[in-house]
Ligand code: GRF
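For reference, the chain that follows is the form predicted on its own, supplied as C-alpha cells.
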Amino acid sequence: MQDDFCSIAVLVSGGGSNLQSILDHIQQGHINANIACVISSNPNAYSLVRAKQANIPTHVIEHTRYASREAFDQELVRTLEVYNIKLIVLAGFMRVLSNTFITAYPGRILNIHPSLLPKFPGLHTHQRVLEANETEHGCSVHFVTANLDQGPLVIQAKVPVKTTDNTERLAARVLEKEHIIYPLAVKWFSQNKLICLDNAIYFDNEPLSTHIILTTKHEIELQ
C-alpha cells in the first residue's frame, strides 16, 4: 500500500530514546512521515535536545502551571492546532491525558508501555515483574483511551526474564524491543494499514482479532 505522508507530534517528558528511534527510521526512509513538533512537560527533558538537533520545533508545557489536568490538556490542543497533525505519539510522556485531549484526537494517539499488557499497567513494571517471579516480560504499543494503559493493543514484543536479571538489565532488553515495535506501529499507521475506529483496530482493512506479536518478519520491514 502506498504511504500517505504522515505528520506526527511527539509528547515527551524524559530522555527520548523512543523519539530518537522513530526519528532515525524516518531519516533512513523506512517511515514516510515527519515529526512536526515535540512537546515536553519537562523543561529539562533530553528529548528537547534530540529534537533541536534534528531541527524539529519544540514546546515546553509544564503541568505545574495549570490548575487542572483539563486546563493543561487544553493548552496541548491549542499548541497542536498550528500543526496539521495526523498522529500523536506518546514517548515517555509522564502525564495521564484527560478526555479533553483524547476526544480531540480519537483513534490517533499511540503509546508504548513497558509490560505485556494487560499485565502490569502503571509504573515500575520491571521491578514488579521480578517480584512476581514472571518468566516473560516485554512491551506493548496500544491506542490511548480514557482508561489508563487499557486501550486497544496493536503489537507486543516479548523477552525472557533471566535468573540473573535485575531491573536495569531487564529494562535494557525491553527497551531494545521498544525501539523496534514503536517505529513499526508508526510505519503501519502512516501507511493507513493500521486504523483505530471506535476502539476497534483494523489492519490491512481487516478487523484485528488479536494483537500482533513481533517476529523477525516484522523486523525486516524496518530494514
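What you see is a predicted model; the values in this text were computed from it and never measured. The first residue of the sequence shown is number 1, and the count goes up from there.
Omitted from view is the form predicted together with the ligand, to which the following refers.
K.L.:
Please tell me whether any heavy atom belonging to I195 falls inside 4.5 Å of a heavy atom of the ligand, as the geometry stands in the predicted complex.
P.N.:
Judged by the heavy-atom cut-off of 4.5 Å, I195 is well away from the ligand in the predicted complex.
K.L.:
Tell me, yes or no, whether D165 is in contact with the ligand in the predicted complex, where a contact means a heavy atom of each within 4.5 Å.
P.N.:
Close contact is absent here: in the predicted complex, D165 is far from the ligand, nothing within 4.5 Å, heavy atoms only.
K.L.:
Though only this chain appears here, would A54 touch the ligand in the predicted complex if you measure heavy atom gaps against 4.5 Å?
P.N.:
Close contact is absent here: in the predicted complex, A54 is far from the ligand, nothing within 4.5 Å, heavy atoms only.
K.L.:
Might I102 be said to contact the ligand in the predicted complex, defining contact as any heavy atom within 4.5 Å?
P.N.:
So I102 does not count as contacting the ligand.
K.L.:
I need the one stretch from 155 to 163, 55 to 63, 173 to 181, 187 to 195 whose residues put non-hydrogen atoms within 4.5 angstroms of the ligand in the predicted complex.
P.N.:
Result for this chain: 173 to 181.
K.L.:
Answer with one of I112, I88, L117, L97: the residue that has a non-hydrogen atom within 4.5 Å of the ligand in the predicted complex.
P.N.:
The residue in contact is I112.
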